[in-house]
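Given as structure tokens, the chain that follows is alone and in the form predicted on its own.
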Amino acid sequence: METPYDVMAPFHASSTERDAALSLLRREDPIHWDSQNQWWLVTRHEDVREISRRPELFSSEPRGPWHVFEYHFSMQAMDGERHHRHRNVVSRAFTPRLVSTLTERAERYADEAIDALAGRRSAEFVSDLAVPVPLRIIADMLGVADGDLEQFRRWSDALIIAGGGHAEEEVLDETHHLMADFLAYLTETVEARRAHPGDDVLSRIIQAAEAGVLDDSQRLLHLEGDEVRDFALFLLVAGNETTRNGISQGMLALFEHPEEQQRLAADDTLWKTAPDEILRWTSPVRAMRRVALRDTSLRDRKILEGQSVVMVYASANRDEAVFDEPHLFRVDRSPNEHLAFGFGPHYCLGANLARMEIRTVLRRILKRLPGIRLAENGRPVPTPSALIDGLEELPVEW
């Protein structure tokens, strides 16, 4: 069958149209060859998990058709020994204690963002309320000064534009200049933390990277050269952009399902399950690509060495075979085996941090801005990216 529409293009269609197209693929052609883009679209939960757990067969490294810009520097784009080394060193910083420490800070940052709207009855939700907490948390983790936050956000936005690859040529040129500036900034920051360690995650990673950590096989693992800087660059995207889009899209989901918003207001215990339902429903990372390292097959489809397979999380998270009434948004959904954080060796290290930030920000907003709603005549503006399902703007009033 032909692709119902380009499900990997920047999202401009209605969610109803997108979900219908993906449902059709799950039902009739779950391993679908997209001849326009020259890759396989994988739409079922079971198949996405199978690909994710087999990096020796389906490689994460940048190869073949995908976006204009690929994250060569990130753990997401590594396999095998290199991925094992990076993940073991970096995971020393992503502890339950870190999330506990940052929870109080996230509440304070959320309150400060709300305080800044004093006397107003409207706002642009993304810039005013969704951006500040994850941006400041990541800035804290990297030891970035408050005075650099605006520039920090411009660099973050530039990475997402480059990752999507759908901007005008002159915008992409400016984007790559911004990225070069950010790399220079991070190089200086890493050297400064190396010389004078602080109480931040970057300093702890530098210390672990240089002293080395023992893995389960008692091998001493290090990060070398620019690898610490490259991780800091990846952290900005993985820890900031995706979380802010989870917050923005989560707020929009609550606007569109006022009965669920009312349930959260009436029963605080539902915040234990609500973040995962928001992540399932919104799938902030729409998809990830893998490349077949040898000829293989999925279901009845023969996949050739070198061909790309695109794991469509936005589809897997609606799979009727896994989720009861998958097209209903329910803040009490449990169990909830969504794939918004990936699966297998590449499962997101910051998953608990992201859940905490989504819960904290939305909880504080609903408590302190009662009656918050989509502004009259306002409309959400989607992010022009094939990778990120996010919002550029969400006008609100209360």
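What you see is a predicted model; the values in this text were computed from it and never measured. All residue numbers are counted from 1 along the displayed sequence.
Omitted from view is the form predicted in complex with a small molecule, to which the following refers.
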| property | result |
| --- | --- |
| Partner contact for Y185 in the predicted complex: the small molecule, 4.5 angstroms, heavy atom | no |
| The small molecule contact at R108 in the predicted complex, heavy atom, 4.5 Å | no |
| Contact of R359 with the small molecule in the predicted complex (heavy atom, 4.5 Å) | no |
| is_contact(M288, the small molecule) in the predicted complex, heavy atom dist at most 4.5 Å | yes |
| Candidate from R263, R87, R153, R301 lying within 4.5 Å of the small molecule in the predicted complex - any heavy atom | R87 |
| T103, Q76, T296, T273 - the one with a heavy atom within 4.5 Å of the small molecule in the predicted complex | Q76 |
| The small molecule in the predicted complex: contacting segment from 33-41, 367-375, 326-334, 346-354, heavy atom within 4.5 Å | 346-354 |
| H83, G239 and T242 each touching the small molecule in the predicted complex (heavy atom, 4.5 Å) | yes |
